[in-house]
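Single chain ahead, written as structure tokens, the form predicted alone.
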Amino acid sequence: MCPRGAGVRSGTQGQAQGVDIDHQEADWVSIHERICQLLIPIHTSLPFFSSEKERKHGMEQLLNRQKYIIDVAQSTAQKFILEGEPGKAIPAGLQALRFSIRVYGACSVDVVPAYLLLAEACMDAGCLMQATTYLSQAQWLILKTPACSLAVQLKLHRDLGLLYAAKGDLEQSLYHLANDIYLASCAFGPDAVQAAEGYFHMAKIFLRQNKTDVANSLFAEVTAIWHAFLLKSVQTQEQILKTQPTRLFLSGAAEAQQTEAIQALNTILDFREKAPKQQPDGTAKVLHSLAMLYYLNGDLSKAREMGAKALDLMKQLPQQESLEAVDHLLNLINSKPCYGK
């Protein structure tokens, strides 16, 4: 029997009446259905071990199961955040936090990713006070861990930047986003895609401050970073397709980064197309980037649409350096199917 279900059924009548049915259902849909069977051996008492070797092996198995649950819960929470369902992400994030504390201890920096996920979900759900609490916990753990990785630190600053933006404190938001970009540049290099999201969010803050020129230059930086990265990825994909015709490949970019890139580049495209002063070269570069990204994600219809628009726009430019690259991409799209994940 499921440990969670048993817990609800075996409680007193008063406790049963106090259970929020909607929350139970949300928990089940979000995460519990995925980890239900994994919880059974964890909640079952360990058997008697006849030797120290057996005991250590049993403890290692228990630890590995709990770490696996953390991975499942975190990936599930991230998936729901990307899909715009923060209400479903929160129960999964809470399970990730619960088992992270159990495995690593409440004062370990390894608990921070769960706090950050919960903060993101709460921000998306409009629960800014709860998001502030989670980020405060994460910040405290990072401050007391000098050896904390730059990747975790930059994620904290990015989330703090988004939190202050949601609260309307734009100067504090810019401060944390600047730290995000600096740490991403130190960890991965100034032209790495990990820095692009910080530039993008900072550009949106400057738009809110009516500083369009600054926002425009930051949007151009985001486009340049992704354009260079995607050009290399398309070249790599082309080589892989020669030996593995059914494999889709996007080197160095996780699913979350790909989703963020699509959202960011579409936002930038909308900004460019609606700008009073048109910059066709910049618009063409965004369209080319989106065409490559959709191609690598296996969405050939959108890739073809964006590529054709980029090609038409580039033909109108006095300098047509990228024309050959776009034309080659369209040939790739039309010549071979690119399979999705």
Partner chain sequence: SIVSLKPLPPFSTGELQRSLLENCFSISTYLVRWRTECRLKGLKSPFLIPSCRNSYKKNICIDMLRQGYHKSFSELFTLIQKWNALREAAGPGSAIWQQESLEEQPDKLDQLYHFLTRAEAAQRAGNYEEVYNNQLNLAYCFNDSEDKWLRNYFYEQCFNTAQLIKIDGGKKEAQAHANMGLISEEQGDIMKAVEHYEAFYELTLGSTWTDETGRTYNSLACEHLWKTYTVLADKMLEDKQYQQVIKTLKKALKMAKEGGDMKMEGEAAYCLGLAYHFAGEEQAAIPVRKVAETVTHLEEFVKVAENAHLSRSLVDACILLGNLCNERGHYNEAFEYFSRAFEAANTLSSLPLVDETKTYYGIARAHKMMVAVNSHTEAADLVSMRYLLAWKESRSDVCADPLTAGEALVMKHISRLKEESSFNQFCSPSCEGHSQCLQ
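Note that the structure is a prediction, hence the values are computed from the model and not measured. Residue numbers count along the first chain shown, from 1.
Keep in mind the form predicted in complex with the partner chain is missing from the figure; the text below concerns it.
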Problem set entry | Which of 122-130, 231-239, 77-85, 137-145 lines the interface with the partner chain in the predicted bound form (heavy atom within 4.5 Å) | 137-145
For this session: Go through Ala151, Ile101, Ala178, Ala224 and name the one with a heavy atom inside 4.5 Å of the partner chain in the predicted bound form.
Result: Ala178
Seminar exercise, completed: Only hit among Leu218, Ala196, Ala89, Ala114 for heavy atom within 4.5 Å of the partner chain in the predicted bound form is Leu218
For this session: Decide if the three candidate residues Tyr164, Leu174 and Ser185 all line the partner chain in the predicted bound form, where lining means a heavy atom within 4.5 Å.
Result: yes
Problem set entry | Distance check, His157 to the partner chain in the predicted bound form, heavy atom within 4.5 Å | yes
Exercise. Is Ile268 a contact residue for the partner chain in the predicted bound form, using a 4.5 Å heavy atom cut-off?
Worked result: no
Exercise. Does the 4.5 Å heavy atom contact test between Ala264 and the partner chain in the predicted bound form come out positive?
Worked result: no
Exercise. At the 4.5 Å heavy atom threshold, is Val214 in contact with the partner chain in the predicted bound form?
Worked result: yes
